[in-house]
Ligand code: HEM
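Next up: just one chain, as structure tokens, the form predicted on its own.
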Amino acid sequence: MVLWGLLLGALMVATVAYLCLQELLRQQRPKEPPLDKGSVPWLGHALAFRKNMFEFLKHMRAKHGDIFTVQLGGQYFTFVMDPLSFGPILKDTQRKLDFVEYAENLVLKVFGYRSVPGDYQMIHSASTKHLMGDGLEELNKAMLDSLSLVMLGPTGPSLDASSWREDGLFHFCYNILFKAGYLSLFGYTKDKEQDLLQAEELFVQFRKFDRLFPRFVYSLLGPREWLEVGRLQRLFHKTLSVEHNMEKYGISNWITYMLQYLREQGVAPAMQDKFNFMMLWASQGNTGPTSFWALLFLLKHPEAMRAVREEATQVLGEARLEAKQSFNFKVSALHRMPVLDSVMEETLRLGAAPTLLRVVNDDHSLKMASGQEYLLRSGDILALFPYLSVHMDPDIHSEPTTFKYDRFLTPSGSRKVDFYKAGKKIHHYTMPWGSGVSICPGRFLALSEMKLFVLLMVTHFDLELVDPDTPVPPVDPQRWGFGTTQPSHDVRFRYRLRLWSELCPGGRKPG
């Protein structure tokens, strides 16, 4: 037994030594991008990258230009920073840049879900069928009902609901959108009060997982944190289990369609539970944080708030809500609100910072917009970070760090789609949802959820910052690269519900 232990130890040492030697010997080949391995063997620049990805990539671009390869924890990433060169990467007609392989490994690690052949295409098919057109309208109505339940209670607001309340804006937005989204997608029991309590407790656990998520992906958790992640995974697998789903009604057709596919493929119920956890995260991990940024920007820019409220009044009429009522308007009105659309697009430009990754499956030649060609090495990862290379490019977006609610509006009030870089029209002028094969399949649902929530807040509530002069908080540096950014600290605000009886003297309706 001792002998086997010694042999195994020797084998492990030899393997590690070989891998380190391979990394030390790697050199830039002719026509390859600039190579920056960092000063620490194997780790390379991993610590600086994980500390603040945004600042690290700014430094690397200033040092190397629009394309460079860096070593991060034994893996080599080639970042392309010129958006005019994104086309061949996102289209990839040669199919040498694989998104699916990286995504499958990530969801297995984070959610415990092991993909089956064809399920990536299945998710896109389900999203096309149920998150667009009539399917989206149906889910929007369900979301409006869920928002009414979460924001107003099972019996609607009472007269004392219009008193001022105070909360952290980030917590408020994340909490409400998570609970409403969860109930809309995964259904209800016959006890609405209990549903709300369960959704609240699930949100508490979701936030615990959310806070650990960036370091979990990078395998930087301490021993106790690894145990906590395991506990949280098991909790969500149990809560979202297909067994529990059988006791509910109102489960979305989107979720039902995907689970039916997995059953037909012979996927075990335990793995379906893990799939549900993955879909809960994918659908609810970014809507709350994005809505936080949207409302904060509106509160910090009164002219933007006025524009949104005026548009809402023109499209919906005066907001009317009486005691014991639920929110009620035609969700199709969301399609007639270009000002709100522009606000959300500008919010996503400033707040969404995903990383788009592709595994290079075979040696590949990439032609940049400049005409120069670079060789990409098989096994490396090709990466785009549109927040820095697109969203913050002053050539594409003037004053890129400034919130301009009408940035995506033409002088006539329609949606603006013409943006330029170096005098050339650019197709990818914002990329909050990714692009190409990795574009978020649930983007239409997520955007509708956020627009519904923001619209309800600005039309049915009075809201203000506790300290009007409080600055917009900086981004938590750990969140760069993981979808929508989150603030380094919360912002306190006050809100109160507007009831129709209070808008009219003596509780009488006009007319």
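The model shown is predicted, which means the values in this text are computed figures rather than measured ones. Residues carry their position along the shown sequence, with the first being 1.
Beyond the structure shown, there is the form predicted in complex with ligand HEM, which is absent from this document and is the topic of what follows.
Using a 4.5 Å cut-off to ligand HEM in the predicted bound form, not one of 57, 69 and 220 places a heavy atom inside that distance.
Only one of 329, 77, 99, 297 comes within 4.5 Å of ligand HEM in the predicted bound form through a heavy atom, and that residue is 99.
Only one of 292, 178, 254, 387 lies close to ligand HEM in the predicted bound form, with a heavy atom inside 4.5 Å, and it is 254. Residue contact check for residue 438: one or more of its heavy atoms lie within 4.5 Å of ligand HEM in the predicted bound form. Residue 214 falls outside the set of residues with a heavy atom inside 4.5 Å of ligand HEM in the predicted bound form. The closest non-hydrogen atom of residue 262 lies beyond 4.5 Å of ligand HEM in the predicted bound form. The shortest heavy atom separation between residue 120 and ligand HEM in the predicted bound form is within 4.5 Å. Contact annotation: ligand HEM lies within 4.5 Å of heavy atoms from the stretch 348-356 in the predicted bound form, the single such stretch among 241-249, 396-404, 348-356, 299-307. Contacts of stretch 439-468 with ligand HEM in the predicted bound form, defined by any heavy atom lying within 4.5 Å, are made by 440, 441, 442, 445, 446, 449, 450, listed in sequence order.
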